[in-house]
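In structure tokens, one chain follows: the form predicted alone.
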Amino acid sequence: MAQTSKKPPRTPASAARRRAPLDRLLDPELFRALGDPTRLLLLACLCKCARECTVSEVGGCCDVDLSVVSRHLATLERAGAVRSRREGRTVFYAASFDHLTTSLRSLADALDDCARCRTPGCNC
């Protein structure tokens, strides 16, 4: 049950019981996907390339076996960070710029609101 008190929370535990826009913007799957250095390297490679790339092309960005690259790209896809398209036996991956920018910009805005808000009882 969400707390509706007008006083600011006294502890992190009491703050956690309040629901705010920030809570729905913190996407655990996206952060888990971005939390691996190899996945970050692969995503950065796709972002800089700015086009669809095959697994073997993306694999050239790092010194990892192609099967591992494939698994990392699948994890990034489940999180919405990349999108894929199959053409026969070949799978093409591309950065999902719209999803990434929308997610990260919305989160940054919510964090900015929390940092600026000094209103007692505010739910940011």
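Just so it is clear, the model here is predicted, and its values are computed rather than measured. Don't overthink the numbering: it's just position in the shown sequence, from 1.
Form predicted in complex with the DNA: not shown, discussed below.
Using a 4.5 Å cut on heavy atoms, which of L41, V55, A94, L30 is close to the DNA in the model of the complex? That would be V55.
For the spot marked by V64, V68 and T90, is every residue within 4.5 Å of the DNA in the model of the complex through some heavy atom? Yes, each of V64, V68 and T90 comes within 4.5 Å of the DNA in the model of the complex.
Is K48 close enough to touch the DNA in the model of the complex, meaning at least one heavy atom pair within 4.5 Å? No.
Using a 4.5 Å heavy atom cut-off, state whether D98 contacts the DNA in the model of the complex. Heavy-atom contact with the DNA at 4.5 Å: absent for D98.
In the model of the complex, which residues of 72 to 88 put a heavy atom within 4.5 Å of the DNA? H72, R86, G88 sit within 4.5 Å of the partner.
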